[in-house]
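Only one chain is given next, in structure tokens, and it is the form predicted on its own.
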């Protein structure tokens, strides 16, 4: 089996279980028109994130890495009427497209988009008293995954859920000798995850229209 089969299965699942949605479709079209990299989560992965947020009963969500706002829309729609989502995006062009997509989806009052490198905006969130967040989704530059995870812990509480995307890298994650900083960032993240006593965690491999990758999921069990 290869990506053609995986993509066909994704399409089959999506056609059956993911309802057509004009705002989500428009977001993907706007992202493509703006030449944003086609690295959004797939529709069925977006639905999974939304389900996890709903199961979590999330009222506050932090997203590290907005891109064009596709996953942002999925997550924000899981929130109750008084819920709030803060999403961080380093690239002003990406942020401009995301802001438009989020507004088109009717979520401008729910989503707060902050522009700038996340390692600069995350400390500001802490200083401003934001958090703890119920759910934190990490999907930004992979070399900084360890730093993002450390901040996620600071901005969480016992019971918070931390989800990190792209943690398999097509299987390259098992190669300790590889010099790709994205792979090394994921490996360093796993090392932190494995030795962090405040979380209970696992990871799953995924195949689909986005290729071969995976998610890591960590439940914060201790705030100390």
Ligand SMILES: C[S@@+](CC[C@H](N)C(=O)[O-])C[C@H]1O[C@@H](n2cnc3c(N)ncnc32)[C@H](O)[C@@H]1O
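Positions refer to the first chain, counted from 1. Quick caveat: nothing in here was measured; it's all calculated off a predicted structure.
Missing here is the form predicted in complex with this ligand; even so, the following discussion is about that form.
- The candidate site formed by 41, 65 and 70 is fully in contact with this ligand in the predicted bound form, as each residue has a non-hydrogen atom within 4.5 angstroms of it.
- Proximity to this ligand in the predicted bound form, defined as a heavy atom within 4.5 Å, singles out one entry of 80, 106, 116, 123, which is 116.
- When you look in the predicted bound form, the only residue of 97, 135, 140, 76 with a non-hydrogen atom within 4.5 Å of this ligand is 140.
- Considering this ligand in the predicted bound form, the lone stretch of 54 to 62, 184 to 192, 152 to 160, 33 to 41 in range is 33 to 41 [heavy atom distance within 4.5 Å].
- Remark: residue 110 does not count among the residues lining this ligand in the predicted bound form, judged by a heavy atom distance of 4.5 Å or less.
- Under a 4.5 angstroms non-hydrogen atom cutoff, this ligand in the predicted bound form lacks residue 86 among its neighbouring residues.
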